[in-house]
Every structure is written in structure tokens, then in C-alpha cells.
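Single chain ahead, written as C-alpha cells, the form predicted alone.
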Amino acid sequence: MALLTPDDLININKQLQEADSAVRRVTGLDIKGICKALYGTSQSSEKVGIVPVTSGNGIIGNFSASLHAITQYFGFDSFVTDSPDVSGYYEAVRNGAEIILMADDHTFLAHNLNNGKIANNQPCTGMIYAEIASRHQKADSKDVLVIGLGKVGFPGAAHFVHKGFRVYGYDADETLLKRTVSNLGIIPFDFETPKKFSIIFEATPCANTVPEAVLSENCVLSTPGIPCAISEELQKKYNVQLVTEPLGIGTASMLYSVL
């Protein structure tokens, strides 16, 4: 998946509110309700310590502040440490953090210090976006198209398979496609032989990956990918129910998975 930029995180509260509205339209539940249903957990104002990390490309502008806003939006008691890295981790623990959130270029994790549970953003993001799509109230079949079968797409495809969906998958990387076919038993999808879907899950870092030929009226497109997987023109033409947001939905999934 593409690395976030400060521009992706502008007005994060507004983005969360819009995402909550989109999820309700598709599923009848809000994001918190989806998380509770997926993991069977509930939060009770757990204290979350957000630790900035300077390794690799360094701290993304707005990232820690956005995590602070996201955790508070979902009812957690959170704070950002003054110090980064190991010093920040020490500070978070000393200040009573029950859950640690921290990220470098490769891993964004949540670690519950009370029960030892730990979560990685990529599979948690794949699972929550797949769960949202799987609950589409206007779906006309149990067929689903998954575009992108990497670190986010593969867990999403696995979640659909686990829930009994017939999963069609595509990835430009033949190795990833073959691995997913072998491990999950999904059906390879060929865009040259189009089929329409009412449920589409997209997990790539590329724009406009969803062609018109696969869209059905009122279909759901659940996508954590940046940039957006569909053009505004196609979204309007087919009244596509677009569920997308850069950080909050995946973060909520992580937090609920470690409760």
C-alpha cells in the first residue's frame, strides 16, 4: 500500500464522519458496530499511548495528531508522547498507557500491554474493509471481486472465503495471484472476460483500477487504497457505494482486535 502523506490526513474528523455515514448506508451499522461484530469486543475508555517514530522516512506530518483524533473519535482515552522512539515508548508506559500505537515505514502496530495482544495494520485493514463489503445490504449474490492480493488484499480475500463468499481475485503480480489461488482456492479473474459484481474490494496503491465492465448498479466498492480506485464519473454513473478513508477504519480495526 502507498505511504500516507500529510495531505491524506487533512480534516480527519470530517473524513471519519463521512466514512461512518457511508458504512451505515451499506451495512446499517457504523464503524464501531462493525468492529464489535467482527471481533466480539467492546472498548471501555482504554488509555492509548501514541508514540512517534523517526526511523526510515521519519515522522509523517499530521500522523500522530490524526491517530489522536481517531482514537478519541472511537471513545478511547489517548495521548501523544513528547518524545519519539524508545524514549517515547518509555514515556507512554510510565504515563499509564494500556495500548501502544506506533508505526515505522513497514509496520503500524497496536499492542495491548494488559493482555499481550498485538495487531498489524495491514491484515486488520484488509479484514475490516472486507467485513464492511460482506454486509452490503443490496448485494445480489455471494460473488465478490478482490483487486490486489498483497498484504492488505490477501487477508481481505481470506475473510471473504471464511464467510462463505465465492471470491474472484486479480493482481498484476502473477506470483501473488497464484499464491492466493493455491492457499485460498479463489477464482482467478480475467478482465478480458468481464463479469458484474455487487461487492468489490480493492487494495492497491493505484488509481482507477476498477473498470466499468465489473460494476453493477448500487454496488459497494470497499477500498482502503490511496489514490481512489474509481473515477468520479463511474461512481456517479452506477451509484457506487464507496467506502474509503485513509487511516481511521483500519486503526479502529486494530484497536478492537487487541481488546
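The first residue of the shown sequence is 1; numbering continues from there. Just so we're clear, the structure is a prediction, and the values are computed from it rather than from any experiment.
Although it is not shown, the form predicted together with a small molecule is what the next lines describe.
For the three residues L176, T209 and P224, a heavy atom within 4.5 Å of the small molecule turns up in the predicted complex in every case. Only one segment in the set 86-94, 159-167, 117-125, 135-143 has any non-hydrogen atom within 4.5 angstroms of the small molecule in the predicted complex, and it is 117-125. Contact between V181 and the small molecule in the predicted complex is not found at the 4.5 Å heavy atom cutoff. When contacts are judged by a 4.5 Å heavy atom cut-off, T204 counts as touching the small molecule in the predicted complex. Within 4.5 Å of some heavy atom of the small molecule in the predicted complex lies at least one heavy atom of K151.
Under a 4.5 angstroms non-hydrogen atom cutoff, the small molecule in the predicted complex has A172 among its neighbouring residues.
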